[in-house]
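Shown here is one chain on its own, the form predicted on its own, set out as structure tokens.
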Amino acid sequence: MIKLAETKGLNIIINEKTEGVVPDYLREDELFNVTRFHESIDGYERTPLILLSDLSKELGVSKIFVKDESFRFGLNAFKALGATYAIARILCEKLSVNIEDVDFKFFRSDEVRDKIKDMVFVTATDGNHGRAVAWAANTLGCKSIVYMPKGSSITRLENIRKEGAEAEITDVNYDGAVRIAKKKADEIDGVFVQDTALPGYEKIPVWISQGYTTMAKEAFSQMKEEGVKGPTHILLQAGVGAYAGGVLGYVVNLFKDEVPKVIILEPEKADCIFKSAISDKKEPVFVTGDMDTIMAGLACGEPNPLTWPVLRDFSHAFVSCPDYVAEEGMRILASPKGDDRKIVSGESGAVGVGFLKVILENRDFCYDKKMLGFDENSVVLCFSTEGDTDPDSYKRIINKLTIKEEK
């Protein structure tokens, strides 16, 4: 690993040698039923892939594409992809059926709903995952219980409750909320639905990571429709790393010898993947404390041990980002220049575009830009993983207000 000099609060590590073994569950043939299942859900449609031509010209790259996940199933975030597929696999086991033989409508039939109506799904969340679990459970006639870390948005809490969940904000951080959820699930014989693995708990996190790959599969298909072979760079946000590792593993298997440069982005106050990457032991490193970043969806301190090896072995770079990077991205997408389309992107969704702006426009980052492989031929794919899931925070940031000024 090469650690670049810290500039403007950004910490960057370059991975000199990317090689390893990608889990079989992220092979393209293993993921066929994932997208097929998602396509069977009422209201499914591919989320927009938006080409920001004017921003591309301004930053000196060929193309910047943004996958806008604020349109996913009306939930304003991508998390339903993981939650719905995992819950479907859980139900398949309960009902002794195969995922390749069923679709979402199967689980909504009167006969099946009667068999699953007493099931309770339990999870911890900063907002989006919990809402997705609650929505999926409610749609199928099941129950859900959701725990949130201290400092969570009241708006996100209420949105989860509107989906029929029993939900509360705890007095512990995200990783503590995960432990509370696991304990509750065990106590009531419920089903723990979390995207990070624990000893003896691996199948469901695998299914969640598989679910996230639909987003990437859609994006690559949409790029081809635009006459673009594929990206040279992909920017992925990481919390525990289930989404980033799942998509990265799929990308490595799909592109084989021409794998795009994948850059992993985290908030500096919750950069467990970054700290794991820079560790001499090459093992997961935990971040503790409140992790009080505006990127609430990424405020996780313990890497998913299942996807960590994929991130460690195949990421081109790891970046620890101050909050201002996400704020910059939110404002750029909210007020685009020229003919570029406006994108409503929340704190965790916009950090990729913010990072591009900082790296490509500032002369202080000339060496970093070269090491990351950006030039006039670069085709960059970003995932805006959420919309304005906390509307008050979104408006404050877009309008450049501080909490003190607001008062």
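Position 1 is the first residue in the sequence shown; the rest follow in order. No experiment lies behind these values; they were computed from the predicted model shown.
The form predicted in complex with a small molecule is left out here; the points below concern that form.
> With the partner left out of view, is F318 within 4.5 angstroms of the small molecule in the predicted complex by any non-hydrogen atom?
Outside the cut-off, so no.
> Although the small molecule is absent from this view, report whether A137 comes within 4.5 Å of it in the predicted complex, heavy atoms only.
Looking in the predicted complex, residue contacts with the small molecule do not include A137, since no heavy atom lies within 4.5 Å.
> How about K79 - does it come within 4.5 Å of the small molecule in the predicted complex, if we only consider non-hydrogen atoms?
Contact with the small molecule, yes.
> In the predicted complex, is there a heavy atom of the small molecule that lies within 4.5 Å of any heavy atom of T123, even though the partner is absent here?
Judged by the heavy-atom cut-off of 4.5 Å, T123 is well away from the small molecule in the predicted complex.
> Quick one: which of 330-338, 111-119, 292-300, 139-147 gets within 4.5 Å of the small molecule in the predicted complex, going by heavy atoms?
Among the listed stretches, the partner-contacting one is 292-300.
> Exactly one of I263, A242, I160, L248 has a non-hydrogen atom within 4.5 Å of the small molecule in the predicted complex; which residue is it?
If I apply the 4.5 Å criterion carefully, the residue I get is A242.
> Report the residue, out of A177, A238, I87, A132, that has at least one non-hydrogen atom within 4.5 angstroms of the small molecule in the predicted complex.
The residue from A177, A238, I87, A132 that makes the contact is A238.
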